[in-house]
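Form predicted alone, single chain, as structure tokens, below.
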């Protein structure tokens, strides 16, 4: 089963339109909930007034005063309230203040416009420079949400000895996840035998994150809180932490109303109020010897975390660890900071901080090569990490690693040298269309950073059903990445069964264990490995119990399961994450094995830019990656192609525009993403290598394709347009024109 392009488990329902998403569900007696938000970036809430125009006696109203437990969204730090209290601080323009619910969605919507907030406004911090300047201080003593320092050797001394030193500053903007299905949640609060019981179901990536948030919000024991993940139309990280907020709001309204409440954001509210990719500013200073070998790296990496801490510390962590790229260097310093601003909190997004820092180092290496008169390909080849080298954290590369071969394969896929030669001839012609080809080489750590997996100690299981089939018990959610199918393939392979005898159980915290969040390219590698162990346990139980003998047929297996259940009552087996005893990580010093392993890739892009309109078109794209064993080639290819499309959008068009802390282009008419017509054919190739940690040798795939497109495209644009510093994404026509004008007047 592993290695086969098995048909997607839930694909038929999605294609036929029979799959039910949260807003498709109509619960009897349910109300529609809406959220009244602040509109200033910073201030103090003095009160609110309900204006005439709707029957307020029919409307359920919930405020911070109605919260039975703690008014804090459970996360890394306790700094984000579910609702702003009267007298409390407003920290960004989309904070929730009042919740309303009514049987008629239109009445609820009209009422939202009739709540007037009384606010004393304060000066706000709206970008990274203002936050670093502490103008004013809005968080702690210097606006820093998290700071990380990674050191290896003596970067200052090595820099002083370097033959050549180069500096650069690189910036990336926010990006909207723009999943197909906006956030939606249904809350129900009922009185059970032991007291109040809260159930929330909806579109979410991490059921146990929401579970923890509701326990804290309501002050209830875990067994009286239930979270169910429904069909989900995409997440990309955008449904990792924010669903805790909307789940709390729906449940709070349900408590107040005594009826189920559904909150379903429209696209505008979803884009304005929910988390985005962190904007970044990276300053890179590198020293090289006379032959072009890296001898020193000094990197200052800053993320805009927005108003609250949320997941910024761990996003920053991954960005910092990836900041040196796939290069060997003996003396390194990486200073990484996530800073606070009065914008909606940033959060998880495919790549999780790595795309920002990898964009910087991959643009920088191209810049350094040209300054030294070297081919960027040759400079990379000279400096690639190899087996036995140490990374910035001191992690030793133990696997056979052939980045030069990976790069050669990508160049071969796109005919890199032929294109480069032809473009250089044609670009000398009097033609407004200029073309270039560029590449990037990068990696992505698989699973949680550092000791995260050991702390999580995830559990997953399998259950033999009455009909003899097997159910997979895991809290990992299906958001389009193919988890349902891949998990079933892994279990089927382990049990020696056809994949149609294995199905996913409903992701319901009442029935499935905490296998951890669906993030960090960990589902297949980490949870899949746990499921492999659990399936082995089930088979062993059947064999040792005398219900089954090897070899067996699928029919014999089903009969054995049915017999075991008839005798034992239930038949379940569980596995738990096992840390590699040889891996060591220090959370305080950031030294050691940051990830159990990395996936590696080289992406190459061919672009054309029209000097009449400054529009850029990616004409060809090759994505070659080493991801261990590929469990399902069709789904893996789709993951790569979808991620590359998202990366092309971030590189060229997706420009989140803030005004006084609010996203002002929060519509699909003015936030531009690529369509199929805007994209090239994306060639995908896998190089498979063994991995002792993943099932069948698999590593993580899902976030890798977000890391490489932007630097590859920027490097191709540099090749097309000559000596320009295209060091910012998105590279919109306006920015390209601006850089050309600056160059002409320099």
Partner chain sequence: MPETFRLDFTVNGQARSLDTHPMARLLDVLREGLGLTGTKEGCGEGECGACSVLLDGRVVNSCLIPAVQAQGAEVVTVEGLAAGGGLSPMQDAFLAHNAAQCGFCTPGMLIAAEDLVRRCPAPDKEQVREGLAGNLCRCTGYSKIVDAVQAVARKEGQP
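Quick caveat: nothing in here was measured; it's all calculated off a predicted structure. Positions refer to the first chain, counted from 1.
A second form of this protein, the form predicted together with its partner chain, is not displayed here; the remarks below concern that form.
Trainee: Since the chain is shown here on its own, which stretch among 248-256, 180-188, 309-317, 76-84 would lie within 4.5 Å of its partner chain in the model of the complex, judged by heavy atoms?
Mentor: After filtering at 4.5 Å, what remains is 180-188.
Trainee: Would you check, heavy atoms only and a 4.5 Å threshold, whether residue 24 touches its partner chain in the model of the complex?
Mentor: Yes, residue 24 lies within 4.5 Å of its partner chain in the model of the complex.
Trainee: Examine residue 641 and determine whether its closest non-hydrogen atom to its partner chain in the model of the complex is within 4.5 angstroms.
Mentor: Flag for residue 641 set to yes.
Trainee: Check whether residue 558 has any heavy atom within 4.5 Å of a heavy atom of its partner chain in the model of the complex, and answer yes or no.
Mentor: No - in the model of the complex, heavy atoms of residue 558 and its partner chain never come within 4.5 Å of each other.
Trainee: Would you classify residue 15 as touching its partner chain in the model of the complex, given a 4.5 Å non-hydrogen atom cut-off?
Mentor: Residue 15 belongs to the contact set for its partner chain.
Trainee: By the heavy atom within 4.5 Å rule, which residue out of 199, 509, 275, 646 makes contact with its partner chain in the model of the complex?
Mentor: For this set of options, the contacting one is 646.
Trainee: Could you spot which one of 405, 452, 233, 292 gets a heavy atom to within 4.5 Å of its partner chain in the model of the complex?
Mentor: Only one listed residue qualifies here, and that residue is 233.
Trainee: Can you name the residues of 480-504 that have a non-hydrogen atom within 4.5 angstroms of its partner chain in the model of the complex?
Mentor: The stretch touches the partner through 480 alone.
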